[in-house]
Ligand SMILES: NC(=O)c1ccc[n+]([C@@H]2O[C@H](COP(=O)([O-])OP(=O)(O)OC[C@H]3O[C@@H](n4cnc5c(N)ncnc54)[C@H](OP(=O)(O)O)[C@@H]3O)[C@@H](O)[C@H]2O)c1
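First comes one chain, alone, set out as structure tokens in the form predicted on its own.
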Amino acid sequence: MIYRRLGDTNEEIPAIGLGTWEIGGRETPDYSKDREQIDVIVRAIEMGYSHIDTAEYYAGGHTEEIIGDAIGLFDRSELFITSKVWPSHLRRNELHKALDDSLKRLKTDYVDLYLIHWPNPDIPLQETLEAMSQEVESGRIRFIGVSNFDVDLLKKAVSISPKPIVNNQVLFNIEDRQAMYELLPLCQKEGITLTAYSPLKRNLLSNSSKEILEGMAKKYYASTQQIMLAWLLSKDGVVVIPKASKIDHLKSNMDSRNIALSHEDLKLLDDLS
């Protein structure tokens, strides 16, 4: 496994994590595949996926319940669990309750990383960060961060947070690459880990991207998805959380760690418009 330093801490986390959006439902719970999805997460952990990303919003909390059932079979101290608080729960008291509920669903005493899922301009950021920092002091959160914060808002969060902001989780893939130009350099300068969600891009790739990726896939005896992950993993301070619900996809994503793209190929991918 490839590891990345988490922010300016001494913690190292797996650079390839497991995304869990749509496991157990989307906005509302779907219980029809619970056993199968618990088994997939168990298999993933056995395969080496010790970094698991989730959120209270996913499936109305049911995703956290599924993860809680799966991780109960393992040594909790060997897992790194991230969850996120929804923007309607960013008031001090509501955040404490949201964390209560997430911990109950996850069947754990703490989360390793707790993120503001989306910013909420109607709630003072200072209040939210103070509440999160209090939970770090309580031991129920180890580290705090944000998600979907742009450059200006991230700078503000860093300047006012009582505890260090160690992570910003944003949309980042071969075509959704806005984060590469200003946000990633800021994170690298400030010592903030950037987590790329949707690293494999949910929608269809453009023809130009697809052609280049398919050519590289043949060159490296890999899949286009592995090339996309390898490109992201080549960047300092970046971790990825691809979602996979099939064992062969889990293995394929994990194997992307073994692909070392040449300088020329990295530049070619960097320069894609």
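Numbers follow the displayed sequence, beginning with 1. Just so you know, these numbers come straight off a predicted model, no measurement behind them.
Just so it is clear, the following notes concern the form predicted in complex with the named molecule, a form of the same protein that is not shown.
Shown alone here, residue 19 lies within 4.5 Å of the named molecule in the predicted complex, counting heavy atoms only.
Interface residue remark: residue 244 is counted as part of the site for the named molecule in the predicted complex, having a heavy atom within 4.5 Å. Taking the partner from elsewhere, residue 80 is found to have every heavy atom lying beyond 4.5 Å of the named molecule in the predicted complex. Not displayed here, the named molecule is approached by residue 58 to within 4.5 Å at the level of heavy atoms in the predicted complex. Within 4.5 Å of the named molecule in the predicted complex, a heavy atom is found for all three of 117, 200 and 252. For the options 134, 178, 88, 148, the residue carrying a heavy atom within 4.5 angstroms of the named molecule in the predicted complex is 148. Contact residues in stretch 150-177 (any heavy atom within 4.5 Å of the named molecule, taken in the predicted complex) are limited to 169.
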